[in-house]
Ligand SMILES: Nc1ncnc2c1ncn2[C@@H]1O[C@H](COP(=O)(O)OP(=O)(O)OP(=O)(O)O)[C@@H](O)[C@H]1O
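A single chain comes next, written as structure tokens; it is the form predicted on its own.
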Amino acid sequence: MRVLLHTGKGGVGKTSLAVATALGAAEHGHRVFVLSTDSAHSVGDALGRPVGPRPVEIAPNVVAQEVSALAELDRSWSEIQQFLQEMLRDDADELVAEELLVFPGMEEFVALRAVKEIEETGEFDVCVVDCAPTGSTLRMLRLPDLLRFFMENFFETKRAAARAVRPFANRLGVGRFIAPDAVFDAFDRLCGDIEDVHQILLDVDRTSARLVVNPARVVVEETRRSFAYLSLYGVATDAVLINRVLPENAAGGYFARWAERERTELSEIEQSFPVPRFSAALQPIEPIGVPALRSLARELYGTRDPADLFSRSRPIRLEKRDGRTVLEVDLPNATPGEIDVAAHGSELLIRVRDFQRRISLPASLIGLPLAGVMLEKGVLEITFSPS
């Protein structure tokens, strides 16, 4: 099943283009599922009709759903919820316990678990995901690394400690502060589900990110950074969707300066994103409803199938050069001063501005010193000394 992740800065028209992409794919004969993982759902707003947490058909061969992250947490990990409620019973109410479960990135990843369930039905060819704005999406992509680090370094130790301390805690009347095995089992399942979703996101043959951008300086700058961060976390971007471009027939008079500024930003977009770009003009009225969004899809993609893989790339690659192993990471738009690389045991830590990625190294590279780090034409090359 093809998975298309639509994200972008808030307010750029991400949801409208996501639904338009789904409707356009259906016109090319695909069975399509539209999944909203944005906590501020707006798929229903774009369609001009209600869309809730249950799948609903919005057009022939198109089904939509706005996932409730809290409902998913309650359904799948009630043991954790009950433990928190018991632990906080004197200081907080049920709502506080629910909110404590939703730490940064968790909502989006829990919602994305639906992608796996949709695929398992075998009823759909394409899943179009209306993701949260880029900031939340990037926090989501950091979550698997953090959970993996916790599981590998602390989980079993804490579980064994809890088992040892629990009898004494019960006798002292503070047993409610020690998590039972059911909570550890639930957390283990949670991590397993997140890792399954993570593998879907990293599968460049079926999953692509599509960045929605407006030709405005602030939006372009954020999108350039997001492009680099997605590559850092191993998610391939196959296209950039440029929304609300001023039509040529409206570029004179009062809008002359606006049009000139847009031309500058469109040139910047062309230079910044080495993937196919699709454009849609600023509409005379807001495109709401299936007919309007279908028309938007035709303008955006022309005769091309929106479900196609427009650019095939693997953002993180290992290769051999002159007897040395080189790890390549695509970091378009990054500069050398923004990057820091360090090896720690079995992991390689790469920091780009405020974002850090832990990359697990194959056994053959663990312990090898770094022979060189170089950023060349948007590609970070990390060379390991031979053993």
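Note that residue numbering begins at 1 and tracks the sequence as displayed. What you see is a predicted model, and the numbers here were worked out from it, not measured in a lab.
There is also a form predicted together with this ligand; it is not shown, and the following applies to it.
- Annotated contact segment (heavy atom within 4.5 Å of this ligand in the predicted complex): 281 to 289, selected among 255 to 263, 218 to 226, 281 to 289, 119 to 127.
- Looking at residue 269, you'd find every heavy atom of it more than 4.5 angstroms from this ligand in the predicted complex.
- This ligand in the predicted complex comes within 4.5 Å of a heavy atom belonging to residue 11.
- This ligand in the predicted complex is approached by residue 296, whose closest heavy atom lies within 4.5 angstroms of it.
- Not displayed here, this ligand is approached by residue 16 to within 4.5 Å at the level of heavy atoms in the predicted complex.
- A heavy atom within 4.5 Å of this ligand in the predicted complex is found for one listed residue only; from 139, 148, 244, 277, this is 244.
- Residues from 118 to 147 that approach this ligand in the predicted complex with a non-hydrogen atom within 4.5 Å are limited to 133.
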